[in-house]
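Form predicted alone, single chain, as structure tokens, below.
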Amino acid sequence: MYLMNTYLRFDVGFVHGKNSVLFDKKGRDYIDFASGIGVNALGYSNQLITDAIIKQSSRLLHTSNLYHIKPQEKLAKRISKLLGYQTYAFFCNSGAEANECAIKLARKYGTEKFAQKRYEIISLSNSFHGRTLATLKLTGQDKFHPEIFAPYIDGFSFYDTIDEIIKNLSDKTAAVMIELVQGEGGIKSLDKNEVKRLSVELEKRKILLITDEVQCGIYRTGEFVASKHYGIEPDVITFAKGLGGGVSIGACVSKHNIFTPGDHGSTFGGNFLATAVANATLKELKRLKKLGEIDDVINEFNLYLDEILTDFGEIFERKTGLGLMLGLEAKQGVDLAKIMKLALKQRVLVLRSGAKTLRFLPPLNISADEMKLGFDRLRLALKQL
């Protein structure tokens, strides 16, 4: 092997896919309830995405941000229109990069908008915001702060509850960053009233509210942004994963247009290929939402999970999450790794979140037949457990 030892991989590889099904080199099919960890929002071999890639790659892939990039400008406008209020976008290549941009924006805001410089950014316990040194430190889980990577960047803190966050706001606080549905922290949806209370308090104090929607955004919860469920308009929203339909892209979108040339940048970020595909992805997802098809998939998938919860009550104790970002929380002593291996053996792909949650992130357009077959296979795996 010539790869760095950074992943514990399952003993399988895939050679092609269609809709919500992947195929290995022996032609065996696997129902995908993971969508590349929430990336492949429209599944595999989607014709609209394929056409966008072919069309754009035959013209231009990349020129750099030294020049105008029309599909990038179009994507920034499209996101603002979908949000329903004026925003300004910076495009990058991943969720961690989007959050890095948000951190720098918050630091500049804290320098320019207050008499005394503010630099602190607060997050919640069990959060996950990326694997760069800054986003690791912002992640509210001690296991992501091993001594081997120390010293870390200062100016980050996290608390167990929103109430504790509010109590610890100070004249050093520039921003608060939260995941409305925690992706690596157990697929836990934050309380709507608490989030609204936080939003009101931050607005009163002129402190930025940043929502990390890298995983829960782009219709994953049923709306374009999870913040719509909560009735809030964040100052900054970060995106990635499903935005590119499988092509690497991230975005930091803000109400505040405070960067000046040289403050931030990216060689690859927002190039022709990534933004052309993202435009095609958002256009199709908006269409599916308008037709009610995403809502139908959400309802049907949730019904299947409710049945699993009822029929396997000795394994799971509750369902968590929102829309198609869902989890089944396992009871004490249940071996999630074993469930995932058994599921793989039955040819259905599932994920884990935190210490005890089986995570489901299916493509947003998964068909009824694919869904049924996937849950039939998952049942066989759970019966073997």
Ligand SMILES: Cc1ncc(COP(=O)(O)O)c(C=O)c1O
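Residue numbers run from 1 along the displayed sequence. Only a predicted model underlies this, so the values are computations on that prediction, with no experimental measurement involved.
Beyond the structure shown, there is the form predicted in complex with the named molecule, which is absent from this document and is the topic of what follows.
Inset, instruction - Could you tell me which stretch in 308-316, 206-214, 291-299, 143-151 has residues with non-hydrogen atoms within 4.5 Å of the named molecule in the predicted complex? - result: Single hit among the candidates: 206-214.
Legend entry - Touches the named molecule in the predicted complex: Ile122 (any heavy atom, 4.5 Å): It does not: once the named molecule is placed as it appears in the predicted complex, Ile122 has no heavy atom within 4.5 Å of it.
Inset, instruction - Report yes if any heavy atom of Glu184 sits within 4.5 Å of a heavy atom of the named molecule in the predicted complex; otherwise report no. - result: Flag for Glu184 set to yes.
Legend entry - Phe156: touches the named molecule in the predicted complex, heavy atom cutoff 4.5 angstroms: Phe156: no contact with the named molecule in the predicted complex.
Legend entry - is_contact(Gly110, the named molecule) in the predicted complex, heavy atom dist at most 4.5 Å: No - in the predicted complex, heavy atoms of Gly110 and the named molecule never come within 4.5 Å of each other.
Legend entry - Selected contact from Ser94, Asn168, Asn126, Ser266, since only one has a non-hydrogen atom within 4.5 angstroms of the named molecule in the predicted complex: Flagged contact: Ser94.
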